[in-house]
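The chain below stands alone and is given in structure tokens; this is the form predicted on its own.
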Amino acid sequence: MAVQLRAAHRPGRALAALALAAAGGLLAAATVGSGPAGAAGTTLRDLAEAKGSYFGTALTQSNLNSSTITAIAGTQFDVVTPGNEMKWDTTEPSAGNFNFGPGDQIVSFAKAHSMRVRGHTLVWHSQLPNWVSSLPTSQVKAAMENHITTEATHYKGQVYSWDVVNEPFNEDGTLRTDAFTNAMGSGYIADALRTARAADPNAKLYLNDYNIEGLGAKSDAMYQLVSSLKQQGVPIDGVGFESHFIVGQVPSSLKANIQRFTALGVNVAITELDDRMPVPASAANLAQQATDYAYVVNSCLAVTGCVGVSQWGVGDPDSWIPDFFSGYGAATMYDDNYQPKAAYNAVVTALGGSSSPSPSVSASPSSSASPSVPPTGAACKVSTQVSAWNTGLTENVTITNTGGSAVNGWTLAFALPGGQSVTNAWNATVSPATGQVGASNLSYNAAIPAGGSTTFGFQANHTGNAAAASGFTLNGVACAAG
């Protein structure tokens, strides 16, 4: 995955599209009250809860002024993270002067809609008032402990979990240099966790960061930190994978990475999911986004201890992405009119529900024809990416339609190396488990536009041969190597 730049979570761009949505009659009732976007029992929250998980979102104080946003948030999601309202610059703008009004509004909304709250965040180098950074190093520890104690006590019993320390690492896995490391070194993290536990014993305590979703130097550093904290008896309950992705670049090692963290005895949560693309969005990128979202959800659901997924924002108009990544947007499951995209349908299916194909991805009438009608063949290329360990592996497979017309319904046949046996898969139905194998589309990714691609993957056991699959044919047509 490409290294992603990160900026402070500020309130999203002006919600000009909301006025247009209202004028066009696209109010919340039409968005979430009927059809696949919100039929009874098919909301994201209902489906996630049926699997013992959750599906959350982030809201800012300004979002609460939009009936469109609040109706979708309150109907579709069961966990809310305040975008800015619990950060230090809001809650303690000057030393000892606390302001919990904005955060209280988010909590009140959550209570009114039977949502849990992820507290975000107690200690972070960004959105930190100047007075903290200006303190003599001898006074920083006391200021940090007082801030944590006061805020966590205020919200005691009202917050499901806290991102106690947010984004502590540089990309190379070293600790960031900030007011806290300057004053206390790496020990500030353990002190912050202990202080939060004392203030609110029942809240789950998390460390949260970005670019730790796949295996790499930064995630290794977080892994070593969590392992060390556990060995020291420091209270830590979970790790948040922010998951700000670029379309087509979700790390194939996501599931394996979730597994290694949960093996330490902590939970993992996908805390700030979005999947940006160049705008205007293409049909191929929207289809890939659906594949990406399903892959993330399936990866979490497959690991005991991955407790849930939260999208960062409700829809594209309130997303932070366009303000911080020029030329990029369309990063959420809801479009500029707050209508569900292919990614929404993909998540519904991943959570065990059923949904209609999104209008964002075209499908010809033949795609819904009788099963006796064979899928369309097409020119194709296939690329693979294998991540192996001991006796296991994951393999991500990307199918690109190099033909001149869309594929509507697909089966990719291939040969597994000897000794490999598929144990589970995502974004496709794979059978049999060994030998000559077929992977068939799910309902949300049946269409591959001309020039577009889709990705699926599987986990397998192996007896020493961790090579990639080979001999790919798409609907009976041999594919070139990608």
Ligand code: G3I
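Predicted, not measured: the structure shown is a model, and the values here were computed from it. Numbers follow the displayed sequence, beginning with 1.
If you look for the form predicted together with the named molecule, you will not find it shown, but the lines that follow are about it.
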- Item | Partner proximity in the model of the complex: residue 328 to the named molecule, non-hydrogen atom cutoff 4.5 Å | no
- residue 124 within 4.5 Å of the named molecule in the model of the complex, heavy atoms: yes
- Query: Wondering, does residue 84 line up within 4.5 Å of the named molecule in the model of the complex on heavy atoms?
  - Reply: yes
- Examine residue 118 and determine whether its closest non-hydrogen atom to the named molecule in the model of the complex is within 4.5 angstroms. no
- Message: Just to confirm the contact call: exactly one of 126-134, 195-203, 329-337, 107-115 touches the named molecule in the model of the complex at a 4.5 Å heavy atom cutoff, so which is it?
- Response: 126-134
- Message: Only one of 316, 151, 242, 292 gets a heavy atom within 4.5 Å of the named molecule in the model of the complex. Which one?
- Response: 242
- Task: Just give me the single entry in 410, 169, 312, 261 that has a non-hydrogen atom within 4.5 angstroms of the named molecule in the model of the complex.
- Result: 312
- If you look in the model of the complex, which residues in 266-298 sit within 4.5 Å of the named molecule (heavy atoms)? 272
